[in-house]
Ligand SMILES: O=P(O)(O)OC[C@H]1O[C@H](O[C@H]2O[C@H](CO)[C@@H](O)[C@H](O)[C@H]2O)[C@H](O)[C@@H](O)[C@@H]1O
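Taking the form predicted alone, here's one chain by itself in structure tokens.
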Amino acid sequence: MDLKPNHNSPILSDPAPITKSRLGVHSNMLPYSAAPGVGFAPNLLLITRKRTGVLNDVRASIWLDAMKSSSPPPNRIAKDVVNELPSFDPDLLYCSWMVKYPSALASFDQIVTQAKGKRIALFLDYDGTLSPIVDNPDCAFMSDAMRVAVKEAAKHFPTAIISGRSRDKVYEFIGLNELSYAGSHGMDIMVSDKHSTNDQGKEVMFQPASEFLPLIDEVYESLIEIAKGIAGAKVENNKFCVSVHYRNVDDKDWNALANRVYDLLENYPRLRVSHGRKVLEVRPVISWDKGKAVTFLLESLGLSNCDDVLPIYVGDDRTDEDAFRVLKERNCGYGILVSSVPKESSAASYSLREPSEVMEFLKSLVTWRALEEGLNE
């Protein structure tokens, strides 16, 4: 895989808000009209750095729309549709969306049928997947019951956490040595030797963006300064990326915060900005993401043979789409999107509503595997 940074790449942002035609409702009932002149690429909207006249206003509008769509409040999408179609309630919309992304719990038998005779490899996001989304990112603690469920899963399956957090931070939250950890959206990987069949059981560390560390530290200090004047803004250093959280920022200040981040990044063409759930992520411009991290982990663990392994990736964020796509393209695994509201088109195969359902799914996998192993004895 090409790990060379692209110094000329534009800032990357996420797509415009979800449109009603993507909810699975018949197109004649919910017509879709795209904004003229706006082109979409999978999960990425390219925004030029040039800022002149009307273009600057367009850029500001796009950024604000992307920030609003990155973490919609509960039932916001549903209410928009309900205003036009009174007969559609939030539950109906979610059920319609689930026709394309069925519950992984309701489809559990189908999933494990595909897993028979194969080794399952588990990949899990952290925030919003193993822990609830909270106002203070420093308090995103997983429950003791979830920790037990993850630990039990790791006894039966190679299990890795792939998070936007720094690897040290996510390990501090989870505290399990049985897992492999990939922090900074997969740019800081430590492979556990527990399940590895390569390298004589030695731990493997991989940091494809190590040359960017001085630059990330420099930008982190600058971002702290520009965020000081905006109430509720929080800047988090995740080692190979920097997160600017705006969950506690008043809506009217979102645009100002985005513009400050954008203006700063104009001086750093080797860095890019993308959107997560009420967070702006500043990352190195390299050809690396959570999907490539999954591929690396499978190879490092000796699990890259699709005929023998069934990878399952569970995540709730836009950055997890890269991993979903990898499994879909390899045609050898399943992506499971965690969301309690309909989202725009995803490369995931199944869905779960919230972390409590993720825990139930993990427990079900462990029970199924234990039963299968007992029958084979």
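Model, not experiment: these values are computed from the prediction. Each residue number is its position in the shown sequence, starting from 1.
Although it is not shown, the form predicted together with the ligand is what the next lines describe.
With the ligand left out here, work out from 100 to 108, 278 to 286, 261 to 269, 214 to 222 which stretch has heavy atoms within 4.5 Å of it in the model of the complex.
-> Stretch 278 to 286 is the one.
Answer yes if any heavy atom of Y126 is within 4.5 Å of a heavy atom of the ligand in the model of the complex; otherwise answer no.
-> Looking in the model of the complex, residue contacts with the ligand include Y126, since a heavy atom lies within 4.5 Å.
Contact flag, S180 vs the ligand in the model of the complex, heavy atom cut 4.5 Å | Heavy-atom contact with the ligand at 4.5 Å: absent for S180.
Wondering, does T159 line up within 4.5 Å of the ligand in the model of the complex on heavy atoms?
-> Judged by the heavy-atom cut-off of 4.5 Å, T159 is well away from the ligand in the model of the complex.
Report yes if any heavy atom of G164 sits within 4.5 Å of a heavy atom of the ligand in the model of the complex; otherwise report no.
-> G164 belongs to the contact set for the ligand.
Could you spot which one of R247, R147, K118, K155 gets a heavy atom to within 4.5 Å of the ligand in the model of the complex?
-> Partner contact (heavy atom, 4.5 Å) among the options: R247.
Can you pick the one in A256, C306, C95, I133 that has a heavy atom within 4.5 Å of the ligand in the model of the complex?
-> Here the answer is residue option I133.
For 177 to 191: residues with a non-hydrogen atom within 4.5 angstroms of the ligand in the model of the complex?
-> Contacts from 177 to 191: just H185.
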